[in-house]
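Coming up is one lone chain in structure tokens, specifically the form predicted alone.
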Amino acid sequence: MEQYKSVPVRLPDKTPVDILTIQRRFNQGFKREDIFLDVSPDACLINVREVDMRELRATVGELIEEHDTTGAKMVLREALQAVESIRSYGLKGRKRLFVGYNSERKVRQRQDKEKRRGRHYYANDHAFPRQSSEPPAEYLNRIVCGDSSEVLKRLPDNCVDMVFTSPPYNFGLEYGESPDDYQWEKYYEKLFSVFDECIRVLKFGGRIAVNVQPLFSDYIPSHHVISNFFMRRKLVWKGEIMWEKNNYNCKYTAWGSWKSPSSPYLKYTWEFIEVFCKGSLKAAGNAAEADITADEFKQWVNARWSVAPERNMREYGHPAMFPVELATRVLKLFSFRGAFVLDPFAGVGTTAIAAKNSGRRYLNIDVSRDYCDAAKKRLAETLL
């Protein structure tokens, strides 16, 4: 296995430069096992194993200020640019890891094996059309008050790029005008009628991401129930994100059978985000409209997200909000800038705010007039 990632540093053609002095001062600023400059009579290489990019930029900036010659400044800038140009790396804390980050064992002939056994066998026989539609102008960047199963019937097929939502849990929380005492058969019947419309309006290759937690009090694994629904509807399971809320106080609110295996009550500090695709795992889009940074991508494809829960639920009058940061991560990881984003259980408009702030279009629907009014107020106060 290679010990370092080596990248050439371009030296100025005509400007004199004391390269040995630059080499010595640069190498003094870092551990040699992490990064160092290597100079020969005809070349200059920067060799890197791992480095904190903020530390590298700060140190190079100090060295540039220290030197008073144009040639030295040029070499230092070229050295920094050489490291920043390396596009393939892993993350280890605050450091970029350039060597050994992708050394896990590979499956031999993976594509051939997948072809023989059939990838996502449960969705191979779907009949989703590939032709997309434009969303109606009157539903662009709108908060609509109404029943989503009815409102969505006004939209054409295949006009939505991304659905992100968190359905009402209806298990003891007062959800505006929505009764919280549904029998579970009726609850899921209603929920799935909305999701059927979401599937219809979703484009080929579009994504549906559902934030949900198991219904602990009734022992219903709702994340599995919802996932099974989408699989039966021939959507492809893209993955599952664990949203770690770090809410450790919840672990001590109930024990079940104290110090006994009779019936211990399990508590969780996280929720799930189940992600499904319609027809294809690959979403169509212009690469120039991908707005996720390299570091964000590296961090967020690790499917355990530590994001603090929403702290202002009392201010907005909603008992079960997810934070804007969570919605922003989902939209940037799974959609392109300019995408049309739908939230059919929008509450007080968190998805709309994340969409607005990240250059996406949105349609948010909720049955509660109070929530819709709160969402419009929040959007009006949101600065781009």
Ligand SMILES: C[S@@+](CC[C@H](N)C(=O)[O-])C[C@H]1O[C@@H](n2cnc3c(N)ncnc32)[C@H](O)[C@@H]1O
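Not measured: the values here are computed from a predicted model. Numbering starts at 1 and follows the sequence shown.
One more form of this protein should be noted, the form predicted together with this ligand, which is absent from this view; the next part is about it.
Checked against this ligand in the predicted complex, the candidates 190, 223, 245, 95 yield a single residue with a heavy atom inside 4.5 Å, and that residue is 190.
Three-residue candidate spot 320, 344 and 367; every residue lies within 4.5 angstroms of this ligand in the predicted complex by at least one non-hydrogen atom. Partner contacts here mean any heavy atom within 4.5 Å of this ligand in the predicted complex, and among 284-292, 139-147, 235-243, 67-75 they occur only in 139-147. When this ligand is considered in the predicted complex, residue 335 lies well away from it, no heavy atom lying within 4.5 Å. Of the heavy atoms in residue 167, some are within 4.5 Å of this ligand in the predicted complex. In the predicted complex, no heavy atom of residue 362 sits within 4.5 Å of this ligand.
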